[in-house]
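Coming up is one lone chain in structure tokens, specifically the form predicted on its own.
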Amino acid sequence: MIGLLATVLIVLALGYAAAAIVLTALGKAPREYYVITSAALTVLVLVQVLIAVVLLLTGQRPDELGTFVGYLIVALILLPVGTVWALAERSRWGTAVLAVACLALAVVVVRLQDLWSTAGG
């Protein structure tokens, strides 16, 4: 895994979560530009996951491989599911769902970094 990319993901996810929390407090429903932002963040997650998979295939393995793979899967699906849910719930609470999804993504990336540290990556 690339530490710099993971840090960027964490910062962007937390920034997106903060913006979504403010918009929730203002009573704003999800808009189309939320999807664009979510898609951009999801592309970065996909890049990090692909890098991790390549490193796994080349022999680098964290101690808890099953847990690591589970977190990779969760990282991939968390934001798209949160975005679909937010768009289905066209109220301020849809925006709150995006905030929770982004906060959870930041936690998942931190946990992935922690697990990867045992692989010497």
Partner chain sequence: MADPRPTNAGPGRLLVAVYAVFALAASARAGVQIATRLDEAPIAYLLSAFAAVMYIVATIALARSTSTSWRVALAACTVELVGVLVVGTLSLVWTDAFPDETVWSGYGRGYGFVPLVLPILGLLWLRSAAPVRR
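Positions refer to the first chain, counted from 1. What you see is a predicted model, and the numbers here were worked out from it, not measured in a lab.
What comes next is about the form predicted together with the partner chain, which is not displayed.
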query	finding
Within 4.5 Å of the partner chain in the predicted complex, all of 32, 34 and 44 (non-hydrogen atom)	no
Contact label in the predicted complex: residue 60 to the partner chain, heavy atom within 4.5 Å	no
Contact test in the predicted complex: residue 55 vs the partner chain, heavy atoms, 4.5 Å	no
Partner contact for residue 97 in the predicted complex: the partner chain, 4.5 angstroms, heavy atom	yes
Partner contact for residue 49 in the predicted complex: the partner chain, 4.5 angstroms, heavy atom	no
